[in-house]
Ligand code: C5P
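Single chain ahead, written as structure tokens, the form predicted alone.
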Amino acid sequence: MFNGKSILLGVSGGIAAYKAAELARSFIREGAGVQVVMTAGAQRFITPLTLQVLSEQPVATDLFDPGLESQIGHIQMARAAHLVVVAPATANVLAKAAAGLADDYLTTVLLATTAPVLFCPAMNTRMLEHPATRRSLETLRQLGYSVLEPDAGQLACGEEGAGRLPDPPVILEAACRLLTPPSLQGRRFLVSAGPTWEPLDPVRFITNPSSGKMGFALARMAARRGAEVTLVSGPSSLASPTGISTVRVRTALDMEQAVLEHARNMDAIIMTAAVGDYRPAHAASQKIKKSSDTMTIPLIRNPDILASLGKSRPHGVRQVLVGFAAETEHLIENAREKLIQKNLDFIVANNLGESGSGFGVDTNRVKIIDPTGAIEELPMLTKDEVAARILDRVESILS
């Protein structure tokens, strides 16, 4: 996403300015070029030299610098930027930007750029909640700027509340969304992810190794394209993606209820979750103690959520339904049977026996099969890249 992109990073004078160093490094690791602009206050918290070394570019601080401004540098920087990120954005900078003031390098660039601008406010909770600050934020949104709401937690002043600068990965994700064409704007997507836990007793359960990474990647990539995404996830250690409605469930029955509750109004449903096919017929209310060398546990079938969705697709509305098939043998045959039986638009099949494919890894090698029998075989890709290919196909069907 950031390869070849020029990011202008504006740093203003708050205690969170130290995080700008890691943020600059993060953009550079993702392939971006970074130009840093600092306010006078920011230079009291972190030196321009630090950010110059990290960005490998002179840091702009003085609107009347004879070197940078010999070619009207602030205009050149404003034109070159693909995206402007102000992090941290203090109450002072927010107020000046909302009023259209241009009394330093950063606010002048903000007036001169036509690139998307992302403000990342960071300040004391009371300052954030002050009506003047809320008015500034609302004005900036009305002017077409984007605002990333701050995190809540313990602040530098010792108080608890909203006002913390989000960590770099959260800011990077917000930046990605601003740089991605909104080809799914106005569309609603439902994505399921992760395993299910089927309890034997209060401390044991039947499950599988699914990490949820493929489903989370699909939800994240769809949101980047502007879709309104609901993610229904079984137990997973992955953090809920920013800006996505995430419903956490445990069992197959929980997942069925959550998916069917949200399914009807969706433009597309992508079921990546590894839902348990069976569950114990009876879950013990207390921990089962060892009593013999063997144990027999009767299992009963869980509902087939994907089949239910295929049977109940709304009439008169185009709803794309996508399934996944994780197999260890007869991949194509099993996937095609599932595709037809469950009335899918296409199915994504992967062989769990292949290295780098399947549960718990960051890559996948899949085959996409449609109802005509055509097979698109993808090379080994990251799960984000696989998600992009899947979404391209969904977009084609929707259009």
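Quick note: we count residues from 1 along the sequence shown, nothing fancier. Just so we're clear, the structure is a prediction, and the values are computed from it rather than from any experiment.
Just so you know, the form predicted in complex with ligand C5P exists too; it's not on screen, but the next bit is about it.
Candidate site formed by Met271, Val275 and Lys342: every one of these residues places a non-hydrogen atom within 4.5 angstroms of ligand C5P in the predicted bound form. Ligand C5P in the predicted bound form comes within 4.5 Å of a heavy atom belonging to Phe324. Taking non-hydrogen atoms only, Leu306 approaches ligand C5P to within 4.5 angstroms in the predicted bound form. By the criterion of a heavy atom within 4.5 Å, Lys338 is counted among the residues contacting ligand C5P in the predicted bound form. Figure note: of the listed segments 225-233, 84-92, 276-284, 202-210, the one touching ligand C5P in the predicted bound form, with heavy atoms no more than 4.5 Å away, is 276-284.
Contacts between stretch 150-186 and ligand C5P, counted in the predicted bound form as any heavy atom lying within 4.5 Å, involve no residue at all.
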